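The chain below stands alone and is given in structure tokens; this is the form predicted on its own.
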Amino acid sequence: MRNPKDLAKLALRMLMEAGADEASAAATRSELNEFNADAGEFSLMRTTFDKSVSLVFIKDHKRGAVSLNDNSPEALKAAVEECVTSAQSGEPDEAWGLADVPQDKVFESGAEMNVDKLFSRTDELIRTIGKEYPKIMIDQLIVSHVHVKSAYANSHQVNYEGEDSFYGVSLACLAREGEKSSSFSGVGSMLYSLDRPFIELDGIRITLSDAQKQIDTMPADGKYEGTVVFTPGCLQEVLGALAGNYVGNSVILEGTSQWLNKLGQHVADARITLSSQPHHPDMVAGQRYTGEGFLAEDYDIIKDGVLENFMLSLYVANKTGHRHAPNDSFAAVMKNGDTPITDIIKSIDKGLLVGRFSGGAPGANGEFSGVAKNAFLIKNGQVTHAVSETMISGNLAGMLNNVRGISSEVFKDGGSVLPYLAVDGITISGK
């Protein structure tokens, strides 16, 4: 099996020999070792291998792109031909391009797999849950180690190699008492080290404890405007929706973003700083280079409430005259506040603590509506009973200008670093 570096270089040579003005090839090879536990018992151990190749061919400002998971000579030759044909059938567009500053870099991180310790940490987690959270039923627990080797090469002498190894923990569970049960809850983390017991990873204990409290629920009472506290896990969903609605490729290209002309202007509370930071020390397997061949860099989307950057590819940046994003991941980091979450909750007369949101895509204007899941009523500064059949609705951009508080605590799951965010003016609808 060819290594990713040799494969990327071979594919690039084939693309250039096919007549490309510009071209790129990226190759990845990964090994996944995984334990599964279902209903609290080990059910599966397996090792799987995966490989992929992505090709880009640009000629006469026409672009073709193909991905494949077969790196045999025959498959690669066919993919190059398909890539060329795809470009020939397209419309010319001068906005297409690739990174054109020569680079030659190698990135390495992570540690080799310790299978015995991974097994013992998993067994330890199962036993701890059984002892300390007796009402919890483990629906599925997946622990894994991933080893990834990758390479990228393009026609502007941009060459990268990467190698990374990391662990993953994913837990899905519910709580049960007699015939009654909670809704499903989930939590996960990526990590480089097995030094900490899994039960101590950010979010694990809170998820288990909250699930046990969600066996008995009742709807919120009536319809009113109140404060919603988004947990870090739920905030990640909210921020993803916000990025898509206001700063992503499609809304900027189509001109539908309400923030289209607001670069350099306040769009949020001055306490809000939202960044994409693949190099943050708490990120695991953070992006080191982009799919267009740029070195990945950290950057601010919103800083002190001011819109600093859109999240744009090179193509959309060229089409719109804006700057392309310094990375194309969403390694979300929000600056924490200086108030503990318990004190923020003490300041709330009536509202909800929301762990998950189930709703459709927000409208173009940012209006959203859906069901609050894994949620608890806040009343007179106290978190009280779990709620069911309760809707929340509001506006994504409006929320950022109606902030009650940002917690001093942050949760780190290897892919994001986020606090609790409390916002006023959310419509809460129960029965």
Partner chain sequence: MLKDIVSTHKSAFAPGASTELRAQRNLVRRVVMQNGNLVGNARSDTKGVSARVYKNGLYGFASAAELSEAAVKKALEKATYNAAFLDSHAGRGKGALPFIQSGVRPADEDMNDVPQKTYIDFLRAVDNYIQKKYPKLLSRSVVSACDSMEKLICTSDGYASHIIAPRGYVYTMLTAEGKDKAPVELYEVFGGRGTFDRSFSKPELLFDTIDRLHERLMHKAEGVHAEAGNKLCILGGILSGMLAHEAVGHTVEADLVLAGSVAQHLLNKPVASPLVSMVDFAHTALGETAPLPVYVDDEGVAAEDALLIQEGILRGYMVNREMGERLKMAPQGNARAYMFSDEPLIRMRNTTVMPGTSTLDDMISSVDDGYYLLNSGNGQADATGEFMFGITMGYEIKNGKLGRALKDTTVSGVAFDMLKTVDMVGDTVTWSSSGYCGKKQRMPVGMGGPALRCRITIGGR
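Positions refer to the first chain, counted from 1. All values derive from a computational prediction rather than experimental measurement.
The protein also exists as the form predicted in complex with the partner chain; that form is not presented, and the subsequent description refers to it.
Contact annotation: residue 391 falls within 4.5 Å of the partner chain in the predicted complex, judged by heavy atom distances. For residue 59, no non-hydrogen atom is located within 4.5 Å of the partner chain in the predicted complex, even though that partner is not displayed. Residue contact check for residue 35: one or more of its heavy atoms lie within 4.5 Å of the partner chain in the predicted complex. Put simply, residue 130 is far from the partner chain in the predicted complex: not one heavy atom of it is within 4.5 Å. Distance criterion of 4.5 Å from any heavy atom to the partner chain in the predicted complex singles out 182 from the list 236, 227, 309, 182. Contact annotation: of the candidates 134, 73, 264, 360, the single residue with a non-hydrogen atom within 4.5 angstroms of the partner chain in the predicted complex is 360.
Remark: of stretches 159-167, 274-282, 334-342, 138-146, the one touching the partner chain in the predicted complex is 138-146 (heavy atom within 4.5 Å). Contacts between stretch 37-51 and the partner chain, counted in the predicted complex as any heavy atom lying within 4.5 Å, involve 39, 41, 42, 43, 44, 45, 46, 47, 48, 49, 50, 51, listed in sequence order.
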